[in-house]
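Next up is one chain by itself, shown in structure tokens, the form predicted on its own.
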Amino acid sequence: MSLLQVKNLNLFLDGKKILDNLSLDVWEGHVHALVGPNGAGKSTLAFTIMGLSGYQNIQGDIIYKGESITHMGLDERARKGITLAWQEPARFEGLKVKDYLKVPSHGKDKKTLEQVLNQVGLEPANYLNRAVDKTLSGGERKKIELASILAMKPRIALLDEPDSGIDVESLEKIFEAVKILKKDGTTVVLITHSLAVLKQAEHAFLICCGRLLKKGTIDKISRYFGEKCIPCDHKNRPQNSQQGSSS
């Protein structure tokens, strides 16, 4: 049932321990959420799973479809069906949206490109010939990146802060796209500190200081957003959780 397993993962960056003996299982065909305060290690975990440069010198293991990918490079992991949507999508000066969408979709036809743009709430006639550059807002680039993932149909999609830079109306389109990904067989991990995004998932992990504190149902993990701190043994944990500080 587990598509991806993270086992006893440790990562040091600039001499600081960012991931601390972290273990979790991502179930195939589900929408998961990875939540926690800023600096908890959420994005770092996604970068490590993806195998980005600077995040490969780890202790522990990452198992994908029963195979260790710990020593595989970014390109090989991508070919196996793992993809990452950035919190701040990249710009590509001179590259048109239609060409950007064709790369991960293996040159699919114009009808498919129009379909995925519609699914994220962008009018194809207004965007296919636009450049993926500074003329697009951050929210527009995020939608286009998500459209590329819809066209790609990966095995697992790590979506880092999918609501960042997105207005309330557009957010519903993002949530619809997540449902489409699941329907198409993609396992989704939503990396977030938003209760609204958490509610799109079926199962969640709460991490802090690079450690897994809790896992379980959305109702169970959503308590974090009200309390802002849960009992743990971190040295900075408030003596009284009613103080409202994050552990």
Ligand SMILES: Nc1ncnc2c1ncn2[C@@H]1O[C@H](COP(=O)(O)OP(=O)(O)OP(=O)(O)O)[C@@H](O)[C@H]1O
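Numbers for residues come from their place in the sequence shown, where the first is 1. Predicted model only: the values in this text are computed from it and were never measured.
From this point on, the text means the form predicted in complex with this ligand, which you will not see here.
Contact with this ligand in the predicted complex holds for all three of Gly39, Lys42 and Gln87, each having a heavy atom within 4.5 Å. Proximity of Tyr64 to this ligand in the predicted complex falls outside the 4.5 Å heavy atom cutoff.
Proximity of His193 to this ligand in the predicted complex falls within the 4.5 Å heavy atom cutoff.
Proximity of Glu161 to this ligand in the predicted complex falls within the 4.5 Å heavy atom cutoff. Contact annotation: Lys16 falls within 4.5 Å of this ligand in the predicted complex, judged by heavy atom distances. Residue heavy atoms within 4.5 Å of this ligand in the predicted complex occur in exactly one stretch of 195-203, 177-185, 30-38, 66-74, and that stretch is 30-38.
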